[in-house]
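A single chain, nothing else alongside it, follows as structure tokens in the form predicted on its own.
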């Protein structure tokens, strides 16, 4: 997803010299690629996310289009005051990308996990929040961020995410992409955990359940009308996220159902806890009940 992000950003930077790539010592090879191609459009602020975010606001006021890029856990939590006051309150066009969403940085533990960013950021007025699941969606999210007035936050993974959409992929206007059609149980996922949700839904279908899967790539603004249309006639709705269920996708769906009505909801994610374990992403997901088998078992339990 990082490669897709940087490729899309460089395509835009080639056409628009006002685009700037701002980093905080993230130190990836993709950053060096951008530096070689656009040396005058990149700034490294070192390990100083607050300064980078505040400077981005000033650059945007001066007519530039800064794309802030660093680990989501550091960007959201260290620089929150700057995101709130300098960017969202002023409603200016700073684009922010938090890499390593969810449990992507699985070997380094909760200090590097990005499992509360949706909860924290979706409370901010004026902010558009995008959560792509695949490289193709990531590239489209970069283009969407560029075309969207005002502040935008894009959360991306970094574990060679599986592609579910073709080269001709065009994101849905609603922000909800149907991956598998089914009406008895409808599963909604966001971010790179789509692959686990996909396998879990296939397990349900093999057991005779008419299960569907919808990927939510835009979390804010959330299209409640499209959501309610997608779950019409369903007996159970399930949210799957590599994030806290409090304020995340599960929180969004529960708010819509509470206000407008809808089927029963089962939320699958981190239930008021930090993720346990260290190691590969597969191992950490399994330890926290976020692998395909655990998701399948949680859904079948909810059906009973």
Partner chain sequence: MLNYDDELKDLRRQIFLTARKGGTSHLASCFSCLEILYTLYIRHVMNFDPENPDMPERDRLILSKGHAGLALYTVMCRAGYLTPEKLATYLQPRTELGGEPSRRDLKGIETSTGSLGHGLPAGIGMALAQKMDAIPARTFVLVGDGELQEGSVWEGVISARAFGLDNLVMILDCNGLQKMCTVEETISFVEWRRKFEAFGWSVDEVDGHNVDELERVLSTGNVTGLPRLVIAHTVKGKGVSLMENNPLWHFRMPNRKESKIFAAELGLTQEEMN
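If you're wondering where the values come from, they're calculated on a predicted model, not measured in any experiment. Numbering follows the first chain given and starts at 1.
The discussion below concerns the form predicted in complex with its partner chain, not included here.
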Site check 43, 54 and 64: each within 4.5 Å of its partner chain in the predicted bound form by heavy atom
yes
Heavy atom within 4.5 Å of its partner chain in the predicted bound form: which of 28, 48, 37, 254 fits that? Just give me the one.
48
Using a 4.5 Å heavy atom cut-off, which residue among 148, 85, 123, 202 comes into contact with its partner chain in the predicted bound form?
85
Spot the stretch among 150-158, 131-139, 86-94, 175-183 with residues whose non-hydrogen atoms come within 4.5 Å of its partner chain in the predicted bound form.
86-94
Any chance residue 59 has a heavy atom within 4.5 Å of its partner chain in the predicted bound form?
yes
Does its partner chain get within 4.5 angstroms of any non-hydrogen atom of residue 20 in the predicted bound form?
yes
I'd like to check something about residue 167: if you look in the predicted bound form, is any of its heavy atoms closer than or equal to 4.5 Å to a heavy atom of its partner chain?
no
Is residue 229 part of the interface with its partner chain in the predicted bound form - any heavy atom within 4.5 Å?
no
